[in-house]
Every structure is written in C-alpha cells, then in structure tokens.
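Below, in structure tokens: the form predicted on its own, a single chain.
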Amino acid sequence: MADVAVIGGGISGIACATALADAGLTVDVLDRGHRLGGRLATQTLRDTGTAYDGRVVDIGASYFTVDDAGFGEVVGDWIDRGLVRPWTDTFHIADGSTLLGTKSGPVRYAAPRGLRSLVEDLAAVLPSDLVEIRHPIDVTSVDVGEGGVRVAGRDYRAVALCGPDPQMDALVAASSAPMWEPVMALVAVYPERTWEFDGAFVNDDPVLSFVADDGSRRGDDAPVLVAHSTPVFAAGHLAEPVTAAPAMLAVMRNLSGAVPTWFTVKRWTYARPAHARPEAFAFDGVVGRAGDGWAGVPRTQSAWVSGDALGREMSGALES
C-alpha cells in the first residue's frame, strides 16, 4: 500500500507528490489525461495545411509570473536549462474593435516547448521507487474509512485532491468551492505576421478576454495567435465549441488585421476559478485539497505553492 494517492497530474499534483517523496513517503499519482499537465495544456498542430504541423501551442494557461521564493527557485532552474524564457512585461489593452495602448506589469514567463513540458519535467525527476504515475485513469470515487482511504482499487493512508473543484467535489463531500469559469480557446495560424503585440487584454468585449501571440511567446515568431473567450460567451457554446469560432475570429481580425489560414477551437469547461481561497490548502488528516483555487490568487504559481504546501503538511502528519 502506498502512503498517499494524489489525484491530478497538473502542476499542483506533481508539486504535492514531490514534497511527499522528499519526505520519503510513497505516492501514486492518478491522472485522467493521456499526458500530465492539467490546465497547463498544449496542442500539437495537425493537418493544418501549413508549414506549422507538429508545432506545439499553449492553449491552457497563457503564461506565468513569479513572486514566491520557493517557486522562484524552481523557475530559476528551468531558465538555466532553457526550459523557460522571460516573455514580456508589456501587454496591449484593447476593446473588441481596436488596440488602445499598452500596460506594463510583472515579467511573464513562457516555455519554448509549451507549459505542459514544465510539469513533465517535474514529474521526470520523481524517484521511481517512491512514486508511481498512473494515467490515463478516471477516478470515480474516493472511499474514506477509519483506516484510511480507498481510491481506484487501492488502499492509502491519505489522498490529495489536486484538480478542479467541480471534479474533486464529485469524489468527496463538497467544500465551499469558488465558482469555476469556462473558456473557449481558439488557435489560428496565419499566412504571415501582421500584428505588433505580444498579448492583448480585451476589455469590455462580450466575446474575447485575451489574445496571445504564440510565436512571440514561444520565441520562434510563428504567425500563430491564441485567443481566450469570456466565461459568459464560452458558456453559450460548450455543447458545440466550433460555433464560437465566427465571433471570436471577427474580434481577432479587428486586432490583427488578418484572416487565418487555419483555426481550431478547444473547450475548457473548468478553465479557472473565479477567485481563490486565501488558505494555501485544506487537510483534515485524511483528505487534502490543493490547486489554483487556493493560495489567494488563481494562477500557475498559486497551484505550485498550494500543492507544495499540502505535500509538506501531509508529510508532517503522516510521519508523526
């Protein structure tokens, strides 16, 4: 019997598993996807009829920022090994019809091989004698008993739920979870680059919320844009994502001045929490919860901080 089951193979789950393994505990990581990464999701372009087949595009989180010391050490190592690059500290501001100006902020970081590659890098160094990664596996129940917990036919001393709250609430008693918002992500390949922005926050528009220049983000200058919709717009197209394309492309044309050669739309039913709880995690001695719905702000760094903190807390409790 392994000590802990970690449900969710995104950055939070892998950070939790890392902290548990660092303490010498045995861990099973269970994830429903064919690849690890969670919502640090990428798509490999296929059958586009362009020169960019085989290119990886970020379609989940657009970037990440860093102001936590622990996460900063991880990111520094990624930078040293060429897995992460500083992208930009300046985005444009736009409405649905035009670019309005620029706004500076913290440095946004990106990954040349896609943000998913960073989760896979963290998982690759987990000790195989302590950690088993099982995927794809769809966990349908978590049965808590006096002696521990049973998950996917195996018994554990504890479980860490490190996925979107709506999915985790289906496994155990629901918590006071924040509302989760859907997003439509549209990837478009263009004949050439016609825009001069790294990314644009689209304000007061019913269709789009953000557009990223994936060529700038990745560092290869490919003429590829990725747009994220507003939650309200996405909610009306969850059943048939492709129906979101015309309205999204119209706004993208206003901002880029171009018509794509190829496009596709991805549905994210649970894309992001509307807000995050102030606590870093929850743990009752058997069931723990972590992710980007915790640690104050819903972002990639928060997911890592939350998972790492939960793993440390569980380690201390299970070792005592």
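Numbers follow the displayed sequence, beginning with 1. Just so we're clear, the structure is a prediction, and the values are computed from it rather than from any experiment.
One more form of this protein exists, namely the form predicted in complex with a small molecule; it is left out here, but the text below deals with it.
The stretch that touches the small molecule in the model of the complex, counting heavy atoms within 4.5 Å, is 36-44, out of 49-57, 274-282, 257-265, 36-44. Taking Ser216, Gln167, Thr230, Ser117 one by one, only a single residue has any non-hydrogen atom within 4.5 Å of the small molecule in the model of the complex, and it is Gln167. In the model of the complex, no heavy atom of Ala17 sits within 4.5 Å of the small molecule. Taking non-hydrogen atoms only, Gly311 never approaches the small molecule to within 4.5 angstroms in the model of the complex. Remark: Arg32 counts among the residues lining the small molecule in the model of the complex, judged by a heavy atom distance of 4.5 Å or less. Remark: Asp138 counts among the residues lining the small molecule in the model of the complex, judged by a heavy atom distance of 4.5 Å or less.
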